[in-house]
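Presented as structure tokens, the chain that follows is alone, the form predicted alone.
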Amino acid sequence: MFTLPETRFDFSGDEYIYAEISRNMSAESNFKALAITNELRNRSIPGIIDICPSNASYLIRFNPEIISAHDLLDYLKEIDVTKSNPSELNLKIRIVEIPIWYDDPITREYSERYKNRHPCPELSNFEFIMKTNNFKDKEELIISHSSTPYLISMMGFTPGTAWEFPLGISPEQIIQTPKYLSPRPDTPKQAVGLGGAFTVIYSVPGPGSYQLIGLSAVPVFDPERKLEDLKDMLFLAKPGDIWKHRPIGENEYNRIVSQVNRGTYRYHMKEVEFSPEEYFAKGKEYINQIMEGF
């Protein structure tokens, strides 16, 4: 049995309540934030305008002319008590495969272009992560990153950008890295970046400070709705989903990109019932169980 932290609530202006489950990111805190915000959506409480789950917290925007802040706070506290029971955190999630061309020439070029902003300018971003995590060679880093399933813990920054947190490994096994000293003014679309313990895939070109390790062959944001799997959502990520990275070479990268451009690519994914209680009891054994056959 694991213990969920106690939530702290704060009023933010006239229209917001901020709920802080923990100061630090942990899978426990994130599962609780997802369970509470999913329950709020299911209840369709009149007056709630927006529900935003985050890594270890969530934010609710409401209309004070329909529901008072104190009445809404009572709802939140009641749900919080229920969702402090680990058996109440089960989620229906998707496992999604993300093919990645690791250490590709484009992200290497960006490493070189913005090395004046980097804490270790003599190394590429990929080499910097190898050094800070004691990987002996390139393949060791690729195997470590691609063999670990990642939980989508929150979304934000730019449309479709999702934060991925590793599951099924001990804290000392997590790949961690400092960010740039000052952000790059540009990052290529679908670049895969690492910052702290998180992985992100840049949904659109833009500024960024995560260390770049490769390119995703598939988009995580489809504003033109060309792909069948993104017609309803535009965004690939849903908080609570698990993403599994698969290393690919240049030829397969180009083949998949061609399929995406023609609108014929279908994401490899499956739906599963995920039990945080079982995950924290069994750890990697449970992750291997739900990943079986994927």
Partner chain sequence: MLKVLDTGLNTTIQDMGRNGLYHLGVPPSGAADKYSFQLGNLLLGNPVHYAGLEMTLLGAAIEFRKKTVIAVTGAPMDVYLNHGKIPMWENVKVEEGDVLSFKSAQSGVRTYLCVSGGILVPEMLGSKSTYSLNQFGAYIGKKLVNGTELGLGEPLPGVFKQVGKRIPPTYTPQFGDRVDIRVVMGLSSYRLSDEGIKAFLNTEWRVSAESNRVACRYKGATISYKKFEPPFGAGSGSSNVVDIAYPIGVLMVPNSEEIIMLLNDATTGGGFVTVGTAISPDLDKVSQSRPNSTTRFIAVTVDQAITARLEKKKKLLKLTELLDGRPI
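Fair warning: this is a prediction, and the values are worked out from it, not measured in the lab. Residue numbers count along the first chain shown, from 1. Rigid core: the largest C-alpha set superposing within 1.5 Å between the two forms.
The same protein also exists as the form predicted in complex with its partner chain; that form is not shown, yet it is the one meant from here on.
Listed stretches are 75 to 83, 143 to 151, 103 to 111, 208 to 216; the contact stretch with its partner chain in the predicted bound form is 208 to 216, by a heavy atom cutoff of 4.5 Å. Distance criterion of 4.5 Å from any heavy atom to its partner chain in the predicted bound form singles out 160 from the list 193, 160, 99, 168.
Residue in contact with its partner chain in the predicted bound form (any heavy atom within 4.5 Å), chosen from 231, 262, 43, 70: 70. In the predicted bound form, at least one heavy atom of residue 25 sits within 4.5 Å of its partner chain. Residue contact with its partner chain in the predicted bound form: residue 278 places no heavy atom within 4.5 Å of it. Heavy atoms of residue 53 reach within 4.5 Å of its partner chain in the predicted bound form, making it an interface residue.
With a 4.5 Å cutoff on heavy atoms, residue 256 does not count as touching its partner chain in the predicted bound form; it lies far away. Applying a 4.5 Å heavy atom cutoff to its partner chain in the predicted bound form picks out 163, 165, 171, 174, 176, 177, 178 from 163 to 178, in order along the sequence. After superposing the rigid core, the C-alpha of residue 273 moves by less than 2 Å between the shown form and the other one. Superposition on the rigid core between the shown form and the other one places the CA atom of residue 72 2 Å or more away from its counterpart. Contraction of the residue 207-residue 50 CA spacing by 3 Å or more is recorded in the predicted bound form, set against this form.
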